[in-house]
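Next comes just one chain, in structure tokens: the form predicted on its own.
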């Protein structure tokens, strides 16, 4: 009888342990897109799989810094969203691992080129062009001319009316810096950044913050990705997106599995799921107007048409490299940010 009770007790313990293991399936997600889109991804994956998701939202630069700081004891599993440059730097520094998804056959070439440049340690999930947007009511109230080009933003009448993020914390702002260097050449590009600095009213932490402030009437012109300006306009705010006349850079938003992920199987499952057309089609329903990487994904008719925008041949390999990114940020810190305004 004792042996039967013992066996029965051990069976209950085993069942409890098994149930505990099943319940323990989880994923730690670092998200660098907009908060509402991050929530859609986190909650959607939970609903689809039953896996608990612990999601943290930070800008691209902040997330890169966190992943690097935690490299000796990684806490995150997947880094989803945000500009591709810091993802490429993370790949170069061994902070992410290679993974080849079965979903790759459904993706645009530019998403696969992003993967190839990082030895499959990251992949493109969306794309979007850089530009700016302005609050048409504030522009009129201040009797300001309508800006159409990057160099328009250097005009003295815009002093105190322009806002962008800090390139140290924001992938959007780093893309801006790298774009000016590629568009105008390094010397003229930094002269542009110095002239722009004189008109900046605030450097924000988040890349989309300047256009949100413009939407609220707290700022006139915000340098952002065009899809963020479209989002404000689609939400009913008097924001007008502008694709600059000289041409502009663009981003390939990316996804990476963190080296040392504690929940590697769940990370791979999320990775595959996030590349499906059905999941990527959810983006515009929360007014995220990037171009999705899955060719079959549904795109909003309000999304910027990249084929109509003069895009530069953005060198992701060079400007996503660790050395070049560090060099440009240091030069911006030493030559631009310290200037009086």
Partner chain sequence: MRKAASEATTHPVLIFWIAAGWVGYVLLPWYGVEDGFFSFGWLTGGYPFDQDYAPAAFLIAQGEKLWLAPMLLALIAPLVVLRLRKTDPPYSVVLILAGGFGFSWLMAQGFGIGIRGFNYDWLTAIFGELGDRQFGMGYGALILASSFLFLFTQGIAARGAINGDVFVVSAIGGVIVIVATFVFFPIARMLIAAFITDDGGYAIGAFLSKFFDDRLWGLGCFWGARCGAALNSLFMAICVATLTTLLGLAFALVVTRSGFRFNRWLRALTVLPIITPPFVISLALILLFGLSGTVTTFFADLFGTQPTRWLYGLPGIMIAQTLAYTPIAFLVMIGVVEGVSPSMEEAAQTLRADRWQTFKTVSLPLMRPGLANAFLLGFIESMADFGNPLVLGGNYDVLSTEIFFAIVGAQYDQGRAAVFAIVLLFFTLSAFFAQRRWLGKRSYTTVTGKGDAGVHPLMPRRLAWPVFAIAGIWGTFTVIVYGMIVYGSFVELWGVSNTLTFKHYITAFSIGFTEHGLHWSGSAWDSFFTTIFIAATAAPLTAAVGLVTAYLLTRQTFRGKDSFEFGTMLSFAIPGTVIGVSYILAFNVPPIELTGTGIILVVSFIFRNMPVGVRAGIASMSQLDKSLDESSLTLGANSWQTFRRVILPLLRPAILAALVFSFVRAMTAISAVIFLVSAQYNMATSYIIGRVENNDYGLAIAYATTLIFVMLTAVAFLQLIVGRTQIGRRTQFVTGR
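Residue numbers count along the first chain shown, from 1. Computed from a predicted structure; not experimentally measured.
Another form, the form predicted together with its partner chain, is not on view; read the next lines as being about it.
Colleague: State yes or no: in the model of the complex, is some non-hydrogen atom of residue 329 no more than 4.5 angstroms from a non-hydrogen atom of its partner chain?
Modeller: Yes, residue 329 sits close enough to its partner chain in the model of the complex that at least one of its heavy atoms falls within 4.5 Å.
Colleague: How about residue 333: is it within 4.5 Å of its partner chain in the model of the complex, going by heavy atoms?
Modeller: Residue 333: yes, in contact with its partner chain in the model of the complex.
Colleague: Indicate whether its partner chain has at least one heavy atom within 4.5 Å of a heavy atom of residue 246 in the model of the complex.
Modeller: Although its partner chain is absent here, residue 246 would stay clear of it in the model of the complex, with no heavy atoms inside 4.5 Å.
Colleague: Whether residue 56 contacts its partner chain in the model of the complex should be assessed with a 4.5 Å heavy atom distance threshold; does it?
Modeller: Result yes; residue 56 sits at the interface with its partner chain in the model of the complex.
Colleague: Using heavy atoms only and a 4.5 Å cut-off, determine which of 203, 184, 99, 110 is in contact with its partner chain in the model of the complex.
Modeller: It is 203.
Colleague: Please tell me which of 75, 268, 104, 155 lies within 4.5 Å of its partner chain in the model of the complex, judged by heavy atoms.
Modeller: The residue in contact is 75.
Colleague: Contact check in the model of the complex: 145, 148 and 320 versus its partner chain, with a cutoff of 4.5 Å between any heavy atoms. Do all three pass?
Modeller: The answer is no; none of 145, 148 and 320 reaches its partner chain.
Colleague: Of these, 163 to 171, 185 to 193, 122 to 130, 248 to 256, which stretch puts a heavy atom within 4.5 angstroms of its partner chain in the model of the complex?
Modeller: The contacting stretch here is 163 to 171.
Colleague: Only counting heavy atoms and a 4.5 Å limit, does any residue of 223 to 257 reach its partner chain in the model of the complex, and if so which ones?
Modeller: Result: 231, 232, 235, 236, 237, 238.
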